[in-house]
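One chain comes next, on its own, written as structure tokens: the form predicted alone.
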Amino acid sequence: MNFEFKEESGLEFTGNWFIDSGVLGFVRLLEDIYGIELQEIREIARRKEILYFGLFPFAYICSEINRKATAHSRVPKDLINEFRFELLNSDWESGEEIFEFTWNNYVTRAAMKVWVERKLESVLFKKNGVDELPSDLKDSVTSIKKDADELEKKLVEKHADDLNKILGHRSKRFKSDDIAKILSVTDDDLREFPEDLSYSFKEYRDCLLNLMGLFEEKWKRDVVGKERVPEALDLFYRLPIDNKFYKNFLFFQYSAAHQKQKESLLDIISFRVEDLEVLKKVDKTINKFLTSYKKAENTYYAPLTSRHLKSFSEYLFVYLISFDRAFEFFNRMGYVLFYSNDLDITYRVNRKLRIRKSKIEDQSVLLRVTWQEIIDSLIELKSEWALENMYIIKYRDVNSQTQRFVDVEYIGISKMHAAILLDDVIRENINHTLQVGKSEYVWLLEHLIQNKPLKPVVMRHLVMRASGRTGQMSIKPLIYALAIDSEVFSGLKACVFEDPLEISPRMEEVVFRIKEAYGEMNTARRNVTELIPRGTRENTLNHLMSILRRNNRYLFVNTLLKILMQENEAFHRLKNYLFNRILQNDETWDIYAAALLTGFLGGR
């Protein structure tokens, strides 16, 4: 299977939702770390080696570090900007050269602080933490740790109440989470506490800083800028990264030493598909849709292996390991992804959902916000072809144990609806919320997108208007809603095997006919308002509405004729409408009749 990308950059969706989710995750990863948007990423992608062997691995490792880093160990923005500038403004001969430069000089610097924190935790809180250190560190660390232990004991025994104020808990020992809190306490913060506590606390904090200084010095000496770390210390210098979705995958394995982590990431980026061991490990852990190897069964969905998918993209595995980055967590809904078969629309809608995340609290709000963003994207991108295949995908939890969806909801828009929404006049006129109950409102656009008839909404609103229970006075949205119904639900049924070349002209014709129907309904509505006295209109409105709700066409016409016979001018102007659009119209007579009723209300 060969896939031909339409963009020179190659950064497009493939049609396989799982891989496409990875493409989106890849884009969002780069956006999060570098602050660059889709179009800029596409431009950089024309220099593929820089994007995939440089920007990607650095961003991926930074992202993993930042997931669990403290404020002290997060990757500094200055380092990210420095790396990006140097990478984009240098000449490179190969992807491998870029990767070596990236890992040796910047990944190692980005990971230093979090590595130091983990070593500090190990020394302070792990029983054999000091024993696991290299010989050149043991004596220095043992001496400082001894002082730190004595200070900790003194502080806990003598100043439990004050420590509770600083750390937020009472305990016989400090915890690993306390390290960041202790390091963040300033001398000014300690002024409010007894001098004895302040002195001991500063000494303990200095012990921590001294230990961290030793580890930093060691890391800089053996790791930063080095092509290989000392073989005997390979595991000691393992990057402390972990990912619950790819728990045992290559560079996340706890047994994977520093050099192994580096080589595994390069394997993934280089797509070394000739190496069957790499492929098998990918099959087992990276893609929950691919079959497992050996004994670990993992065949929930389809007996595919990554070999079947390798021609989808030169950098397939880069996308696959970015899969989990495409999802956004929403309270009470889990991990959610809006997906269409167009990268631009999918990117834009998910980006907006992310920005408005704090306001999205349940499924109805999620759908409403999603629709609003879809409509904005539709207008901006004119990609109506993509709107037929749209889904909301939900996972309970994006981790290695959860391989089943919570829900997949189809929210596609038909070509006909997309064509209607693309017309500025129609869209603006039905982008209204109608009051249909005391505290109940309906957004006409949303109703249309969901392929629900608009006339019932208009009728409920007319009841509110007739009884004076709403202050809404607009008429245009009502007439446009009815005009749409008259065309959408008037026997225009799509054929399963329709000639695609005939679809677009037919869609344009629908828009034209909706506007034509609107013109005819609006003229009739104005004639009713202008030519029938107000008192007559008010006295007969409820009776006519009752007849319409009972679906009695002939009684409706007879009642209306009795009124019109008293108003000669009105009769002459409306007789054709009555006979052609109501009496002789079996399919949509009620819609045209409802349009007449809006004339009895008045309004603008």
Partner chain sequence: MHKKLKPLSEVDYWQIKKYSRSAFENIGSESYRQRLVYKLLNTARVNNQSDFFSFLLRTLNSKKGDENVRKLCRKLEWVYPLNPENFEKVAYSIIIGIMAAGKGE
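None of these values were measured; they are calculated from a predicted model. Residue numbers count along the first chain shown, from 1.
Absent from the display: the form predicted in complex with the partner chain. The rest refers to it.
A heavy atom within 4.5 Å of the partner chain in the predicted bound form is found for exactly one of Ala45, Val557, Ile36, Ala69: Val557.
The partner is absent here; in the predicted bound form, the one residue of Arg537, Arg28, Arg573, Arg553 having a heavy atom within 4.5 Å of the partner chain is Arg553. Only one listed stretch (28-36, 47-55, 563-571, 61-69) carries heavy atoms within 4.5 Å of the partner chain in the predicted bound form, and that stretch is 563-571.
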